[in-house]
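Single chain ahead, written as structure tokens, the form predicted on its own.
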């Protein structure tokens, strides 16, 4: 065990070095100071949260924004990633060691943790959780989690120790253990359920400071406090039970209604405040809190399996050149949304600088299209072999600003002779279209969020999410993605991350729109509001002043 302990110290030092050199801006999810002199925290009260997006299947790997404002407070992880510094801190595990070859992780569990059904946290339960992620369970319909590549298994040498083993090293693995969608620990009764059963929130059995009181279809959830909770992650503002007694979540799609509710007192927190409503919230005496989401930028990822003009790289590069990100920021967003200069948002560790690929250059866009054989038609839209340079797009219902951004993009691309038609459908219809993947499904708006550059591997890896749906894997990109996962020197790894970004943008795989940001409106009574490193709400320290 001695060598392993040494590795822990080395790893911590490396992380600290990484933090000081490259995580200086790691201020994504963080503590909000929204109270002024609100006095001492008080216990009790019901907090009502309005969210614009209806809830969907509650499987822990579902990263839907609305779901994940609820679930991180129900189920916890072995380690906590500090949203301010990026450092990893003890949580359900009081300590851990990493082997010299980075193939095994030994976690020592706290002995005082219980699930909401009274069962104690033990190594066997942790192993069952990791096995379902790393190996899936065909009998239960549970797929292998792509975030758990090269998982071998978990040994349980004693009830409070687990040794998690992998066949290949992964520089991002420690962050995976802290990630809400990849490593939340749930109780045995939940793990015994099939995929459908695990998709019901009322079945969740977690160790978090709140438990499920009721679920109202896809539009409402009520959580109640666990009074016996006493294992908050290191760095929390207090110990023991949470301040709030109850949290009520309601789906309210109308932006104006959410803002009005803050003023009337019907709600105390509203997520996804529209840019044009930010001043209204503050004028009403509320507080606007914007949290940059570490991970990928919000982009249009080109779908390479679509039978569309984007099969031609010049066309893909023209779309990127014809996108004016500064105008998007100034016209339909707000200063809350940074202008993207990388495949990763500001604050994400080891992010590259891809500014040279992302500048607005209309002349370049036109030249690229000319070289690709697209000639300007009578109405300004380019044509080739009798085909108009036309694309369909769909408003992504998960993002409040999606439609306004697409509408501006439509006018920008038109200047280059590119026709973009925008479709707005219900969330259910959108998800059906996304799964059907018709020939017109050329772009997918979105991002994956995690405070680790390895998110690019999770997103673009052909055996991971394969974000571009490339029928023929890009061997150059695949090699770089693999190389960064096995490089533990922060400086060398940063250089590989830059090469990955160079490849993504030189091939035109991604058209970044804005750095993903979560904007919350808070009533003046809300104190101690926090988010995790990826801007998911963490309600443990939140309280209501008089």
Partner chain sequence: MRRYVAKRVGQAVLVLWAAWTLAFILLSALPGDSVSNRISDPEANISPEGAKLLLEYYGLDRPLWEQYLHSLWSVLHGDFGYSLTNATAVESLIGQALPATVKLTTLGLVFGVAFASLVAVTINYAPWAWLRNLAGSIPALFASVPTFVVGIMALQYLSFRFHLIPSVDDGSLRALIAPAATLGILVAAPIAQVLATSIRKTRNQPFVHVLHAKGAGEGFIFRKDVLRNSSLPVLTLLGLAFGELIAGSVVTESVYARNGIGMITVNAVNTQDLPVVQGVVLLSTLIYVAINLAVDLAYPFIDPRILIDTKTAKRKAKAVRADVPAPEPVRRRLPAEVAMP
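Everything numeric here is computed off the predicted structure, so don't read it as measured data. Basically, rigid core = biggest C-alpha set you can superpose within 1.5 Å across the two forms. Numbering follows the first chain given and starts at 1.
Not on display, but discussed next: the form predicted together with the partner chain.
Quiz prompt | Partner contact for residue 227 in the predicted bound form: the partner chain, 4.5 angstroms, heavy atom | solution = Answer no; every heavy atom of residue 227 is more than 4.5 Å from the partner chain in the predicted bound form.
Quiz item: If you check in the predicted bound form, is residue 266 within 4.5 Å of the partner chain, heavy atoms only?
Solution: Yes, residue 266 lies within 4.5 Å of the partner chain in the predicted bound form.
Practice problem: Using a 4.5 Å heavy atom cut-off, state whether residue 505 contacts the partner chain in the predicted bound form. | Solution: Outside the cut-off, so no.
Quiz item: Is there a heavy atom of residue 191 no more than 4.5 Å from a heavy atom of the partner chain in the predicted bound form?
Solution: Close contact is absent here: in the predicted bound form, residue 191 is far from the partner chain, nothing within 4.5 Å, heavy atoms only.
Quiz prompt | 195, 218 and 256 all contacting the partner chain in the predicted bound form, non-hydrogen atom within 4.5 Å | solution = Yes, the whole trio is in contact, each within 4.5 Å by some heavy atom.
Practice problem: Check each of 485, 517, 498, 63 and return the one that places a heavy atom within 4.5 angstroms of the partner chain in the predicted bound form. | Solution: Exactly one listed residue reaches within 4.5 Å, namely 63.
Quiz item: With the partner chain left out of view, which of 143, 159, 380, 169 would have a heavy atom within 4.5 Å of it in the predicted bound form?
Solution: The option sitting close enough to the partner is 143.
Exercise. Name the stretch: of 429-437, 116-124, 312-320, 380-388, exactly one has residues whose heavy atoms fall within 4.5 Å of the partner chain in the predicted bound form.
Key: Flagged stretch: 429-437.
Quiz item: Taking heavy atoms and a 4.5 Å limit, what residues of 449-487 are near the partner chain in the predicted bound form?
Solution: Residue within 4.5 Å: 449 only.
Quiz item: For residue 113, is the C-alpha shift between this form and the one not shown 2 Å or more after core superposition?
Solution: Shift of 2 Å or more: no.
Quiz item: Does residue 398 count as moved between this form and the one not shown, where moved means a C-alpha shift of 2 angstroms or more after fitting the rigid core?
Solution: Comparing forms between this form and the one not shown, the residue 398 CA shifts at least 2 Å.
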